[in-house]
Ligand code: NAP
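Okay, here we've got a single chain as structure tokens, the form predicted alone, with questions on binding and movement later.
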Amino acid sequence: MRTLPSYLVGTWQQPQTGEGDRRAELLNPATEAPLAVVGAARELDRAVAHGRDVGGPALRAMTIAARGEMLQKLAKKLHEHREELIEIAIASGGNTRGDAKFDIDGATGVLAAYARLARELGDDPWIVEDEAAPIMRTSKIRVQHVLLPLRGVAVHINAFNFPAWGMVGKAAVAWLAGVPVLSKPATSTSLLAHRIAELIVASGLVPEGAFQLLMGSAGDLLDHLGAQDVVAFTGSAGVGALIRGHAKLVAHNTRVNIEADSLNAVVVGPDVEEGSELFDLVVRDCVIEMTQKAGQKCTATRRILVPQERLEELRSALVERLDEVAGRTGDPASKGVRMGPLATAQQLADAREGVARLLADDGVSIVRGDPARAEFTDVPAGKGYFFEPILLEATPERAADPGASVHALEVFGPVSTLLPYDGSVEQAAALVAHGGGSLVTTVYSDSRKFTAGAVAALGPFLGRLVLADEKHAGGSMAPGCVFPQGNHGGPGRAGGGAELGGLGGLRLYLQRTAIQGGAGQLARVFGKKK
């Protein structure tokens, strides 16, 4: 069986084989067939130094425009291998073909978007953020803010659910900022990340030292980071807290960006009626967000807020559509399958335990689905890590309870809960806020008053708020889609971080420095802001 090497200090390195070195076997989550083996690397201090001393200077020697051209060429290179990457994602991630395309096309989309942004930023070694402003009304002394690339390395610790988009998207932003990347993919689905890394290295497009890949355990990697380095982590809140509290990172005030758990919601406005295009959009979006990637998305919908008078009709519509997906859940390599398995045996165990914990709350019940189901399309009974769509429902009293498990526990799978509410913006905002901070919430309404109230009341608890109405229903995209032009992150339990968002995403890797001097002096150095 193939062993996947790390790419560190300019070479492909097989994992260590000494006493105590553990290896992990990668499995096809639909068939449990072995695919590859990964192991740990050592001397990570050398890898960090290589990024800082070799990769960083090489990137900074390129103009911003040249770095943008690099991203555009990488997007083209990965797209050329799209079919190969899709097949790997199906085998190693349990993705349907549609899910695999979603991940891979998302990766190339971020590369292309940041390549376009590069054309707007000029060729200076800095980005001028604003116009020079007088420090006093009568003074000729001005202050101007510029953004400069940090002189460290960006350590990216990525999640299992998007091995392409997560790795390449983070890297695109760091590279454009002029900061080298050391990427650590989640082990269980790292076969796809590894193949993408091979393509990046073989392309010769990225300067030496600007991209490194660490397979297996992160080991003592964080021990070697300092004040000019950056850590960007996507994963569970528990692991995120450990990273944020790491002694070396705290001591150096190392920048840490966390994207963690998120109890995302949708809010169905009181004006949305059955039979309308907007009602149909609610159903479509909820089903997509529950079942795409088998519900293993940080942006998936976990709570569905519906006015009590619309509860029965929305429940019926969702059950009907989810039954269709459940009947076509199985081996994603089979034609016609609409949902594949969870990524690992542990994910399956966690999903079953999570549903049981939600049901332990009085007032929460299952309205469709069987967590113990063991037979799926084109899969031997009991094989694979399959979990059919589960729709729960809470009573109005339990939904309104801030201590209810549905506001505290995220089941990372195809699981959502219907939460009846009284149709007011005030209660909708309260229920959303009970989740402690989310990546995204969607409001479906044609009422200007309801929508405006929702923006003001819900916005502080969210990284992104999607507004959907009847007029735009035909061209609307499911709210779980993350676009490089918009902020990706969220407050509180969602991690408190921010990625993407155009120029905003670059700021994680740039130092904002106030340059103070005479008006003419600043003009000679920086010229006019473009």
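Note that residue numbering begins at 1 and tracks the sequence as displayed. Bear in mind that the values here come from a model prediction, so they are computed numbers and not experimental data.
Omitted from view is the form predicted in complex with the ligand, to which the following refers.
Q: I need to confirm a contact call. Of 439, 168, 286, 306, which residue comes within 4.5 Å of the ligand in the predicted bound form, counting heavy atoms only?
A: When the ligand is considered in the predicted bound form, the option within 4.5 Å is 439.
Q: I need to confirm a contact call. Of 292, 347, 108, 92, which residue comes within 4.5 Å of the ligand in the predicted bound form, counting heavy atoms only?
A: The residue in contact is 347.
Q: With a cut-off of 4.5 Å between heavy atoms, is residue 261 one of the residues that contacts the ligand in the predicted bound form?
A: Residue 261 belongs to the contact set for the ligand.
Q: Is it the case that residue 488, even though its partner is missing from this view, gets within 4.5 Å of the ligand in the predicted bound form, heavy atoms only?
A: Looking in the predicted bound form, residue contacts with the ligand include residue 488, since a heavy atom lies within 4.5 Å.
Q: Against the ligand in the predicted bound form, would residue 184 count as a contact residue? Criterion: heavy atoms within 4.5 Å.
A: Because a heavy atom of residue 184 falls inside 4.5 Å of the ligand in the predicted bound form, the answer is yes.
Q: Could you tell me if residue 236 has a non-hydrogen atom within 4.5 Å of the ligand in the predicted bound form?
A: Residue-level check for residue 236: yes, a contact with the ligand.
Q: At 4.5 Å between heavy atoms, only one of the stretches 171-179, 308-316, 328-336, 404-412 reaches the ligand in the predicted bound form; which one is it?
A: Contact-bearing stretch, as computed: 404-412.
Q: With the partner left out here, which residues of 137-167 have a non-hydrogen atom within 4.5 Å of the ligand in the predicted bound form?
A: Those in contact are 157, 158, 159, 160, 161.
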